[in-house]
Ligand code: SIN
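Quick setup: one chain, the form predicted alone, written in structure tokens, and binding and motion questions come after.
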Amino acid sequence: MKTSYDVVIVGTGIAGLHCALNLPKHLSVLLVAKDYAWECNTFYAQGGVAVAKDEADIALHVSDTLHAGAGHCVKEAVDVLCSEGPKAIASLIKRGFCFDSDEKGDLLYTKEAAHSTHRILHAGGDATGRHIHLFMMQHLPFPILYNTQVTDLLMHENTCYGVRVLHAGDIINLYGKKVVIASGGVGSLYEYHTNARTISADMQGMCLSHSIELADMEMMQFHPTAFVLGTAVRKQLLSESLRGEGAKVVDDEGRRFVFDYHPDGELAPRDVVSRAIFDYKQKSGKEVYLDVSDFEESHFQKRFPSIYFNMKNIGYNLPSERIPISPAFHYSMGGIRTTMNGEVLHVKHLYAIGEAAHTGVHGANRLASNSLLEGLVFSYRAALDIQATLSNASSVISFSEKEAILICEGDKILKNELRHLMWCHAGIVRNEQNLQFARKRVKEMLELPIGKLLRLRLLVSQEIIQSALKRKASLGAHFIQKRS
């Protein structure tokens, strides 16, 4: 098996695949997938891609993104995202990708919460991520190493030389002149989440173990509308576009109570709607539903085919039947600190892109459907930087292939306890007492004889909790409940 490459990319979502597609075919590039390539958040992305419709809309897209980010965005990153976004979409279309369009062939745009205009492109109705992922996989010129768990970064004196992996029962070092982390966020740290089962903060934990800086880890976004009943680890997401196109959040009696919390009701920012549902359920004891009865069935089936068939398989007849909903963890605004070209700060030859990265583009709250665009824009920039600097790569040095015990007996019980702890004490609504309790328990777990993979999860959980404790005032998705 070949073990040395020009570029090693960890992750096969939109950011990893798009980075690879923009690297020259003569380079030796390997993509590493923990599971199957499609077991990633991109594959499950429903809403679409937010992009300025024309030159005049760029400034408005910037404004909407900054407003959603609650004054915490890095303006340079937002300018890059919104100004280079149309070029990224045009490039994707030029490659042959088809977004949904009308009879005349004009692109169809929809609207989502906190957008001031219709600017969301979609494909296959609510299967945008799946369509983009399949398209990129079909055009990928480089190999993927499947069912491969990255266990460590090969680091020496602030330089990355590759990754250590578990593949087919063996520990192997994969060397790369450049290494790209495109592994997604932290979903599996929470009891209720909408993320792929592979998203478990491993790479963020490895960064912490090598003293690589993470930023804004208190900024965790919870999607207001998910179907959380049932035993599946990944909860059924009910797209933002549903509310953008007329679905209502109601209680048992059909009352649209979210207007009690915000004048925009269901179309308020995600954090506001999530907290409204969470608070209302706690205070009233009532069940909360998504009412989609204003849709005609034929239109609903065509526009939201994934939701229609998934919910039908569970036993719900849409759009006539209301869906019981709850918020669920959805997206991490925080991540590995990078430059505008995806370079990890203070580390040579290491990049981070997509949800794993922190450019500051999302601030304290991600604007709906900006994530797929971020994956396209910043992965392209990383690919250009890799090409420009590949000749400067450090000489390869050899690393041991010894690895710590990855999983210990009892880890699964502790992992489930951690997920419940993070949901209850570092979730939608936080207070100092709960955060201190969570920090104490995580510290206790870290002192137990545990496997390395659980240790990585605990390190990231600890970072989230400590970041939340440091930020005393509420900001965006970070909501601190003051003692009454």
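Residue numbers run from 1 along the displayed sequence. No experiment lies behind these values; they were computed from the predicted model shown.
Form predicted in complex with the named molecule: not shown, discussed below.
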Partner contact for T65 in the predicted bound form: the named molecule, 4.5 angstroms, heavy atom: no
In the predicted bound form, does D216 come within 4.5 Å of the named molecule, counting heavy atoms only? no
Just checking whether R270 would be counted as a contact of the named molecule in the predicted bound form - the rule being heavy atoms within 4.5 angstroms. yes
Consider H223 of the chain shown here, and say whether it contacts the named molecule in the predicted bound form, taking contact as heavy atoms within 4.5 Å. yes
Using a 4.5 Å cut on heavy atoms, which of N365, T359, S369, S188 is close to the named molecule in the predicted bound form? S369
Within 4.5 Å of the named molecule in the predicted bound form, heavy atom basis, the matching stretch of 44 to 52, 438 to 446, 65 to 73, 424 to 432 is 44 to 52
Those residues of 294 to 333 which, in the predicted bound form, come within 4.5 Å of the named molecule by heavy atom: H330
